[in-house]
Ligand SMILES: Nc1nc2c(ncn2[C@@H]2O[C@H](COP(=O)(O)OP(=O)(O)OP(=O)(O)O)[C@@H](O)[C@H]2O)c(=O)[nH]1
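Take a look at this one chain, the form predicted on its own, written out in C-alpha cells.
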Amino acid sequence: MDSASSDRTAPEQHLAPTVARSVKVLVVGAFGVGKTTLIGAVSEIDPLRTEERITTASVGIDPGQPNKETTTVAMDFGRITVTDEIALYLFGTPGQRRFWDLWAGLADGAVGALVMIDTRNLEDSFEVLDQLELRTKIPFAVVVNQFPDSPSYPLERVRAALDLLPETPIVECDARDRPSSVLTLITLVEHAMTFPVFQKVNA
C-alpha cells in the first residue's frame, strides 16, 4: 500500500473527494510511550488533544516519568489520508490504568489498534496487550518507538518477549518522524484488511 500523503508538509483540513473509505484506528500503549507525539506527527488536520498538566495528585497513582509535564486524560484525535481512497481517523487512548475503562468505548467501530511500546519499560506492555485483547478483540500491530536512550533489540527478540503470534506485525519507528510513523499505520491497515472486521466496517 503506497502512501498518498506521507510527504505532505502543510496541514490539509478538508478530506479529499477521492476518499471512499474512512477507517477508525486506535493508538494505544502505556503511559508516556509516544501516542500523542505520533498522532501529532502524522495528522493532516490540527490534532485534538485532551492533555492536562501532571500534578502531585497523581503521585502513587500514575507512573512517574522524567521530563513529562502533561498527560492525556480522555483521548487524542487526528486524521491522515494514507491512499487516494482511504483515510484513517486516529483515536489515541490514555495510558494510565485508571482510564482503561474508556478503551472499550473508543474501540467501537475501530478496525484495528497500533500498540506502541517502549523498550525501556517493556514490562508495561504486557498489561496493555492483555487489556487490548480483553476489552476490544480487534486486530493489532506493534510498533517499537525509538527513544534516544532506548535499548535496541532485534524485533524478533521483542516479539518473543511479548509472546506475539507469528502473524502479528511488529515494526520500529520514531514517533516524531512523520514518514516513519505513517509506515507503521499502513502496516496496521494492511494487517487489518485480512480480518472480517475491516470488511464489515467498510461494507
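When you see a residue number, it is the position in the sequence shown, counting from 1. Source: prediction; values computed, not measured.
One more form of this protein, predicted in complex with this ligand, exists but is not displayed; see below.
- Using a 4.5 Å cutoff between non-hydrogen atoms, residue 30 counts as a contact of this ligand in the predicted complex.
- This ligand is not drawn, but in the predicted complex it has no heavy atom within 4.5 Å of residue 136.
- Although the partner is absent here, residue 143 lies well away from this ligand in the predicted complex, with no heavy atom inside 4.5 Å.
- The closest non-hydrogen atom of residue 153 lies beyond 4.5 Å of this ligand in the predicted complex.
- Contacts with this ligand in the predicted complex, taken as any heavy atom within 4.5 Å, map within 31-47 to 31, 32, 33, 34, 35, 36, 37.
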